[in-house]
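Next up is one chain by itself, shown in structure tokens, the form predicted alone.
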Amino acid sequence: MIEIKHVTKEFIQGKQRVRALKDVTITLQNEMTAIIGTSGAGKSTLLHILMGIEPCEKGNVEIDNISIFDLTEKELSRFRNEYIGIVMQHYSLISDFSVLENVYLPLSFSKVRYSKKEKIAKAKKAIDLIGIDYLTKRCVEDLSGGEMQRVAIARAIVGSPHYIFADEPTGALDNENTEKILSVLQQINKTGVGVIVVTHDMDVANQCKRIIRLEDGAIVDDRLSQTL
């Protein structure tokens, strides 16, 4: 469970102080949740705070009863590696590595000391789960956008995280690949992993169980999807 308590985030723009998030309080369970809103609504900022990438001026975030702002940088890095899998719109893969090498890379930063054989075994398991075993030896730079995003998801789950945070994971994809990515995320969610998807696309949001709308840094709507 993720508890977001009275989170306020401000930025300096020129000589002005702009409030990106305004006293956001919400509890996220392990369902597949969409965070939606127009550009500048604060949805990516909220996700970055949940990841511990950005601090906030006020408030707190607890993930599975651990207050992430009480952690040192080293502890937070380890916590992220163990608890959170991150999927970005632009994949953030190493282009001249193979699919297998990209997927097992996070295990090199785990507090658990894996042998290379163990890393490969865990990576292949993640790759098989996503259904891209035929890509294992391919170089990432030779893949399509949809294939790269599935590799990114395999990399996100290789360490058996408790949560997947996905920032516009289908923004650069066509309809066919969008459906494939959403199907993969839904399958992961059914295994007990919480999935939080930031999106501006209502078709994507409606494939999630819960939809939270942000506008001007505040929650203006929180409801269950009507299409599931």
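From 1 onward, residues are counted along the sequence shown. This is a predicted model, so every value here is computed, not measured.
Just so you know, the form predicted together with a small molecule exists too; it's not on screen, but the next bit is about it.
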query: In the predicted bound form, segment of 171 to 179, 44 to 52, 158 to 166, 26 to 34 with a heavy atom within 4.5 Å of the small molecule; finding: 44 to 52
query: Partner contact for residue 183 in the predicted bound form: the small molecule, 4.5 angstroms, heavy atom; finding: no
query: Distance check, residue 18 to the small molecule in the predicted bound form, heavy atom within 4.5 Å; finding: yes
query: The small molecule contact at residue 40 in the predicted bound form, heavy atom, 4.5 Å; finding: yes
